[in-house]
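First, one chain by itself in structure tokens, the form predicted on its own.
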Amino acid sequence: MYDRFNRKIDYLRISVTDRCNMRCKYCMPDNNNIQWLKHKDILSYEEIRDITKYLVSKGIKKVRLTGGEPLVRKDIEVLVHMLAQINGLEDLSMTTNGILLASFAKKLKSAGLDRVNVSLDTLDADTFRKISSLGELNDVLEGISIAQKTGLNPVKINCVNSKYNTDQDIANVKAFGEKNGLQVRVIHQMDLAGGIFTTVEGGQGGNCTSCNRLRLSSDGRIFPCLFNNQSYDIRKTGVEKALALALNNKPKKGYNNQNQSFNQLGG
């Protein structure tokens, strides 16, 4: 399927929760300003499966599960299994902070997950703690190792270049990736409200001219663009109409999004 600028849309990012077990400074709003979604407002696994099945029938080939942190949602491997059964879905992946990955990797692979992206901004334990506020670096490193051994390959590393880490931190992550057969993607810190974003080093994100994605929020809205306030509520309009509106109103270029934070849409 194509949008009004003739860009082929075949990639869906699904935020399964706005909750996270870390509080990374560049991702989460100030703790006093976090307004969590109510459980009743979050899509059930059956709803996510049915929406995804319809979108795949219209041309979606790749699905990535995000959050928040997707591994904090109960029985996430059940959703993975549901999605893996959809005919026509060619690639099923997940972005995770890696804290719980060691204990989930085998279950995710068995359920049908193809691969993972793991967030890693530094190899210094103290810097990691300052950026994340919660969590331990060694848990992430163990998760990466077990994911590779389990076959969730290629394991990709998302390294955010921000004011909270240094050029040396990024160089160390790149060297770690090269040594361990990991694909490192450097993502320059984005600002949704300010409309600040650039292309991803080592990846395809951030290039509006070739954008091929839609986003499904955990409360059932299709977002045609990360840097745009517009969304279409599937529960109100139905998935067919929501998809048509998203395709017809996907902007040529992202500008800003003043209504959401990264924990709600997954970046």
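Counting begins at 1, following the sequence as shown. Everything quoted here is computed from the prediction, not taken from an experiment.
Form predicted in complex with ligand SAM: not shown, discussed below.
Mapping the unseen interface onto this chain, Ile51 falls outside it, with no heavy atom inside 4.5 Å of ligand SAM in the predicted complex. Within 4.5 Å of some heavy atom of ligand SAM in the predicted complex lies at least one heavy atom of Ser119. Heavy atoms of Thr95 reach within 4.5 Å of ligand SAM in the predicted complex, making it an interface residue. The closest non-hydrogen atom of His188 lies within 4.5 Å of ligand SAM in the predicted complex. With the partner omitted here, the stretch from 216-224, 39-47, 65-73, 236-244 that lies within 4.5 Å of ligand SAM by heavy atoms in the predicted complex is 65-73. Contacts of stretch 152-187 with ligand SAM in the predicted complex, defined by any heavy atom lying within 4.5 Å, are made by Asn158, Val160, Ile187, listed in sequence order.
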